[in-house]
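One chain is shown next in structure tokens, namely the form predicted on its own.
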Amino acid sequence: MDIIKCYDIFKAFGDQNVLNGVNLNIPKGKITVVMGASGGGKSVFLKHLIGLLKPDQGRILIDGNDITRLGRRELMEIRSRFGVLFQGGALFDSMNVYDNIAFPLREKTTLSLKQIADKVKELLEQLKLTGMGDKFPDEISGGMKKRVALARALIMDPEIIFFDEPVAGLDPIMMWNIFGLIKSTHEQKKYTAVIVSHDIPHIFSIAEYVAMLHKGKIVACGQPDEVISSPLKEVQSFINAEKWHNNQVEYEKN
């Protein structure tokens, strides 16, 4: 069953065409990865799925609701079912780790202080952040910031979580740790995950469905092994180029 269906999504900013007719169905309860080169429109596409941008043309159905035609109140109701992990984490610098994670519960629920504390504590333990609640974002590492952002995305038990380049800027070891946390929390909570990423081949370790965005269009989609073995020149060029780049970066670090 597909929870998100995109039909002929077009988007331009001035003379720059970013999305040129995106068609993609995203299965419910799976980890779907939208891969593609940096600057290729992945984050713009993600913002359309979240409802932060409206397409110039096309439809986006989430559980049958066309979010491109919803009013503000209806759209907010749909978005209440989402969790989002932005590329930079988007943590509040003036709040400690505990308050960053608790923020959505305080703003959007009527839970008691004890209920909020219990939920935050559970996530802190699950994401290996025990003892970090009093720390502020500028006092923790990049990897920890990603884990805090993941905890905040999970705290409302969303049906769908959107990830914008979740391991950008992390070293290989921390990259694997974050991918492992996404996989383990997905197995436990059964949410639908939509990840935009260019981290090849690492992302294939957790992907259950893969789509490639190239020049504003989906040029290949399917199971990871199907996409990896695609005969399309655009797919193979991207996968091989990213493999070479990542191997080169790791070689230079060593």
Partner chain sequence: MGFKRALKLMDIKEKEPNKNNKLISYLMRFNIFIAMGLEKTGTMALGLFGDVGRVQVFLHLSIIGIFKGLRIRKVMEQAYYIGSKSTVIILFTGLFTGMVLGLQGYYGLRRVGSEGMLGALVALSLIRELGPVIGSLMITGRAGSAMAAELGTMKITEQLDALESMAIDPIHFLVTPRLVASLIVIPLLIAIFIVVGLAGSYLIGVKLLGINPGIYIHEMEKSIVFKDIYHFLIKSEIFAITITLISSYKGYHCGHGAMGVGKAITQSVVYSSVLILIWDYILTSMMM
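Computed from a predicted structure; not experimentally measured. C-alpha atoms forming the largest set that superposes within 1.5 Å between two forms make up the rigid core. Numbering follows the first chain given and starts at 1.
There is also a form predicted together with its partner chain; it is not shown, and the following applies to it.
- This chain appears without its partner; in the predicted complex, the one residue of S141, S80, T110, T130 with a heavy atom within 4.5 Å of its partner chain is S80.
- Proximity to its partner chain in the predicted complex, defined as a heavy atom within 4.5 Å, holds among M174, A117, A90, A168 only for A90.
- Considering its partner chain in the predicted complex, the lone stretch of 208-216, 27-35, 49-57, 195-203 in range is 49-57 [heavy atom distance within 4.5 Å].
- Among heavy atoms of F86, some come within 4.5 Å of its partner chain in the predicted complex.
- Its partner chain in the predicted complex is approached by F103, whose closest heavy atom lies within 4.5 angstroms of it.
- Proximity of G180 to its partner chain in the predicted complex: non-hydrogen atoms within 4.5 Å are absent; the residue sits far from the partner.
- Using a 4.5 angstroms limit between non-hydrogen atoms, R147 is distant from its partner chain in the predicted complex.
- Residues are counted as partner-facing when one of their heavy atoms sits within 4.5 Å of its partner chain in the predicted complex; in 64-84 these are G71, R72, R73, E74, M76, R79, S80, F82, V84, in sequence order.
- In this overlay on the rigid core, S94 has a C-alpha that sits 2 Å or more away from its partner position between this form and the one not shown.
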